[in-house]
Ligand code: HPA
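Here we start with a single chain on its own, the form predicted alone, put down as structure tokens.
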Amino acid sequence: MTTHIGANKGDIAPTVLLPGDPLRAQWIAENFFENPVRYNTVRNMFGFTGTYKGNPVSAQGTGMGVPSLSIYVTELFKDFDVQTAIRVGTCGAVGPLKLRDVVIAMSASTDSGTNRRATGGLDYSPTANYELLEAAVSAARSRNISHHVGGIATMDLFYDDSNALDILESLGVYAVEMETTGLYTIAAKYRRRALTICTVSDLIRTHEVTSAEERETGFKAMVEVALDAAFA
């Protein structure tokens, strides 16, 4: 067991899906896994392990923001030998996207200081694992899921009054969220595979949003793409 994950060695699969919301982790386990078992309840950040088409797989909630995600991802990689981590979360669209579109993140720009802290001040560019990225794109195409592949931005502030969105949009960034730059950087440190697949939950410019219930228990398409990519 670790400080934040109350599991034993072998309780967590080598492949883990990472929703921010622990109740989405439960929903994933109940709707996609065969014989799911809950291995973590510490701080109500639920984690489950089961199988998907015979493959061992886990789902672990990470909370919101880079600091929270970094705790869980570091412990998963360092203490539980997780090899593949795929974030399945929500994002706010900056570019010309629609609600419920899937975004597969090649890279994650950021306004967070965490990467500079980790690299001694360097402007490190966190990127996805290419094999996972390619497999996810293939899965989305084969399932005829509306998707976009490109850069996203991990931002520290959910409510941001600056002009950051204008700058990001001018640079072709598709969407903003709060975790991916941490995931990609930690995965690079531990030489593990990582990818973020997000569903557009709100359109920032027009203020269109999905419901809280849908954000918790919906967005089936991105989970299907993530599982297809993980076990391609």
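In this text, residue numbers run from 1 along the sequence as written. Everything quoted here is computed from the prediction, not taken from an experiment.
Missing here is the form predicted together with the named molecule; even so, the following discussion is about that form.
Asks: Is residue 130 one of the residues lying within 4.5 Å of the named molecule in the predicted complex, judged by heavy atom distances?
Replies: So residue 130 does not count as contacting the named molecule.
Asks: Please determine whether residue 204 contacts the named molecule in the predicted complex, using a 4.5 Å cut-off between heavy atoms.
Replies: Yes, residue 204 lies within 4.5 Å of the named molecule in the predicted complex.
Asks: Could you tell me if residue 109 has a non-hydrogen atom within 4.5 Å of the named molecule in the predicted complex?
Replies: Flag for residue 109 set to no.
Asks: Is there a heavy atom of residue 85 no more than 4.5 Å from a heavy atom of the named molecule in the predicted complex?
Replies: No - in the predicted complex, heavy atoms of residue 85 and the named molecule never come within 4.5 Å of each other.
Asks: Select from the listed residues 136, 91, 73, 102 the one whose heavy atoms reach within 4.5 Å of the named molecule in the predicted complex.
Replies: Among 136, 91, 73, 102, a heavy atom within 4.5 Å of the named molecule in the predicted complex occurs only for 91.
Asks: Between 195, 69, 59, 178, only one gets a heavy atom within 4.5 angstroms of the named molecule in the predicted complex; which residue is that?
Replies: Result of the distance check: 178.
Asks: Pick from 166-174, 28-36, 41-49, 195-203: which stretch has a heavy atom within 4.5 Å of the named molecule in the predicted complex?
Replies: Of the options, only 195-203 has residues within 4.5 Å of the partner.
Asks: For 143-159: residues with a non-hydrogen atom within 4.5 angstroms of the named molecule in the predicted complex?
Replies: Sequence-ordered list has one entry, 158.
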